[in-house]
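As structure tokens, one chain now follows by itself in the form predicted alone.
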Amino acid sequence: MASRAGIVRWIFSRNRSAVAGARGMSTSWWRGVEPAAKDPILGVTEAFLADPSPSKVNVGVGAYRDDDGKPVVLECVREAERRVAGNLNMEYLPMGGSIRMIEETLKLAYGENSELIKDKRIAAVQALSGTGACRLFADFQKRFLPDSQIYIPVPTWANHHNIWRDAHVPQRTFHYYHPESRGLDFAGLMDDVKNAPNGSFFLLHACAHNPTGVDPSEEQWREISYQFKVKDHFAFFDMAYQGFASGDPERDAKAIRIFLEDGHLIGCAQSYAKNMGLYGQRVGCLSVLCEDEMQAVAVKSQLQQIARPMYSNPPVHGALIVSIILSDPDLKNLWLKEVKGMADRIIGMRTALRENLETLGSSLSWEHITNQIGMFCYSGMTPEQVDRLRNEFHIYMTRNGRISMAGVTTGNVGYLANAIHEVTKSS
């Protein structure tokens, strides 16, 4: 018969083996995880920050900078923050977000005196900026129309593909940009709209198309809307730059208003990252226009249910800032003045860059720089030319040749033009 000491040693040995086995198993759980590919846009900023050159220029960042290349906080935002501080609590918002912020946001997209708002036909929830609004809609689309797909323009903001992919919505593409003219491929776009199956979903940029800066004209938008009506397509607008494109929020919402005039039911993602400089606050809104109030109530309830296991409630601070600015006439007027100032500076830098290139005697046409609009200029440079800009001149941008005009200043525009001329003059 085994001694008591022998039994204890045997039990201890078994336990130690079990623990060792468990440790071995735990170390293998994540062994198959490979490093994710670097984000092409965020990777540009990382490389820029690591560059010790005093002449380095970053025209890859998708955030506004002043003429000294510094981040900007709007005065209307500072005043709203002063009113928030110590005066308002930080309790949970409802799942659908700030009702006041949503009401003011819908007026920007659908019109100050919109009958659609008065009739309560719009299902709307606060979202985590434009990205979160797109993702909520993609999940909503998958849940209630599981056999549908989404048509996305070529090119588009790279994250659009990630959003609908992770929501498991099949993707198709449609023609948008014409490389030779550096403008809109309107004929290709219309052919794709006509040839898509009836009742297809299309992702449209409301203004300041990212990354190309190429927008349809008002007349072209009317033709697009008409063809959508013929084909019974659904338009989902991503409006990340309202007010920031032209300096006039009404003008920048024209595409949406045209679709509303034509009786479309649409979806819309809105963001305050660019036009109020609230990048880190992640303030946005998702809205879906419905047939009647009852349908809008149902749709909103389902959007909230989708948000519940994702993040439960949206953040409160940024929503307070937005609602204070838009509901106060004086602060709203200040915002309109400031957003126009940002847009005008970018438009001015477009003119300066083009004039510098033409003064250098470039044999290429640079009209597209001033024909395009918004934060980004699709320069037409090749990846190899972009690499030369980085390696020889310490100028950083994404390899598709997209220039963030917010990073162009009176201090660096001449240097940038000289470098671009140098790498493109043999083209």
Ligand code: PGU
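In this text, all values refer to a predicted model and were calculated from it rather than measured experimentally. In this text, residue numbers run from 1 along the sequence as written.
There is another form of the same protein, the form predicted together with the ligand; it is not shown, and what comes next is about it.
- Between 101-109, 213-221, 237-245, 335-343, the stretch whose residues reach within 4.5 angstroms of the ligand in the predicted bound form through a non-hydrogen atom is 237-245.
- In summary, among the residues 141, 225, 200, 131, the only one with a non-hydrogen atom within 4.5 Å of the ligand in the predicted bound form is 131.
- Interface residue among 164, 177, 157, 174, judged by heavy atoms within 4.5 Å of the ligand in the predicted bound form: 157.
- Against the ligand in the predicted bound form, the set 42, 205 and 274 is in full contact: each member has a heavy atom within 4.5 Å.
- Looking at residue 61, you'd find a heavy atom of it within 4.5 angstroms of the ligand in the predicted bound form.
- When the ligand is considered in the predicted bound form, residue 233 lies well away from it, no heavy atom lying within 4.5 Å.
- A residue is said to contact a partner when one of its heavy atoms sits within 4.5 Å of a partner heavy atom; residue 135 fails this definition for the ligand in the predicted bound form, lying far away.
- The closest heavy atom approach of residue 300 to the ligand in the predicted bound form falls outside 4.5 Å.
- With contact defined as any non-hydrogen atom lying within 4.5 angstroms of the ligand in the predicted bound form, 376 is the only contacting residue in 364-388.
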